[in-house]
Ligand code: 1HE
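Below, in structure tokens: the form predicted on its own, a single chain.
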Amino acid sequence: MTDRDDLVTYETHGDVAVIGLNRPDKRNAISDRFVEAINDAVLRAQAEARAGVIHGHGKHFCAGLDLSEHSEKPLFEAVKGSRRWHTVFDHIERGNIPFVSAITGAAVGGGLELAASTHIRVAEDGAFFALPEGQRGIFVGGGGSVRIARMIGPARMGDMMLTGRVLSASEMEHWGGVSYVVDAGQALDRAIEIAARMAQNAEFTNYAIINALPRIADMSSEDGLFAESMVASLATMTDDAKDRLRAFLDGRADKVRAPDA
């Protein structure tokens, strides 16, 4: 046991690892020690599970950076701290398994940056989103200028930062930052349900989706199409893909049907 084990909870539901941010008295604000606890749990999930869920204990998902700690840092320490956030959140975004965030209450500042590093975001109807860095005299440092800007667009992100605008779950869904909006008390269950569904996918396909897609988005059209051909060809060569395709051709796999069918 380490001195940071109490900052996160970890449990498994079948092939799904469920990571709980466990600092509810601080609205799960992220400190340096907290970042390392999240990293430990994420790496454990990568080794033990096929999909993961991140949620917050208490009323809030995450209220962002622990400003009391940040205000005391010398310049270079702040730079190194930001880069550490980048590394840890990259373990989520471009690791071995897909992650779902279950968002309740506040997803503010660094909390929204954390949510943006997950692949699917489920928010309860009462959740809210903000980037108050402009009002705090600081700037996003956990990857938000890349992840959030690409998720909702730089103009909308700039609006949030410049004005302190607070968005509801439905507004963030409209902007493309939330995948599912659910009723109060349902975010975690829905996130686990979605993660369990993803855990049934071929491991290589999940890996390709979370690692190849964002890289292809950064490429030119021609480079992206070439990379797509390489990844698609590799995927069909795996034993898992061969078994699944054979099951479909033999009529042993479900066909895609309309939602109400």
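Position 1 is the first residue in the sequence shown; the rest follow in order. Here the structure is a predicted model, which means the values were calculated and not measured.
One more form of this protein exists, namely the form predicted in complex with the ligand; it is left out here, but the text below deals with it.
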| property | result |
| --- | --- |
| 4.5 Å heavy atom contact, Phe99 and the ligand in the model of the complex | no |
| 4.5 angstroms heavy atom contact with the ligand in the model of the complex for Gly95 | no |
| Touches the ligand in the model of the complex: Arg50 (any heavy atom, 4.5 Å) | no |
| The ligand contact in the model of the complex: Phe128, any heavy atom under 4.5 Å | yes |
| One residue of Asp239, Asp250, Glu11, Asp25 in contact with the ligand, assessed in the model of the complex (non-hydrogen atom, 4.5 angstroms) | Asp25 |
| Of Leu67, Ala202, Ala208, Ala227, the one that lies within 4.5 Å of the ligand in the model of the complex (heavy atoms) | Leu67 |
| 4.5 Å heavy atom contact with the ligand in the model of the complex for all of His55, Met151 and Gly177 | no |
| One stretch from 169 to 177, 115 to 123, 141 to 149, 187 to 195 that, in the model of the complex, holds residues within 4.5 Å of the ligand by heavy atom | 141 to 149 |
| Partner contacts for 115 to 134, taking the ligand in the model of the complex and a 4.5 Å heavy atom cut-off | Phe128, Pro132, Glu133 |
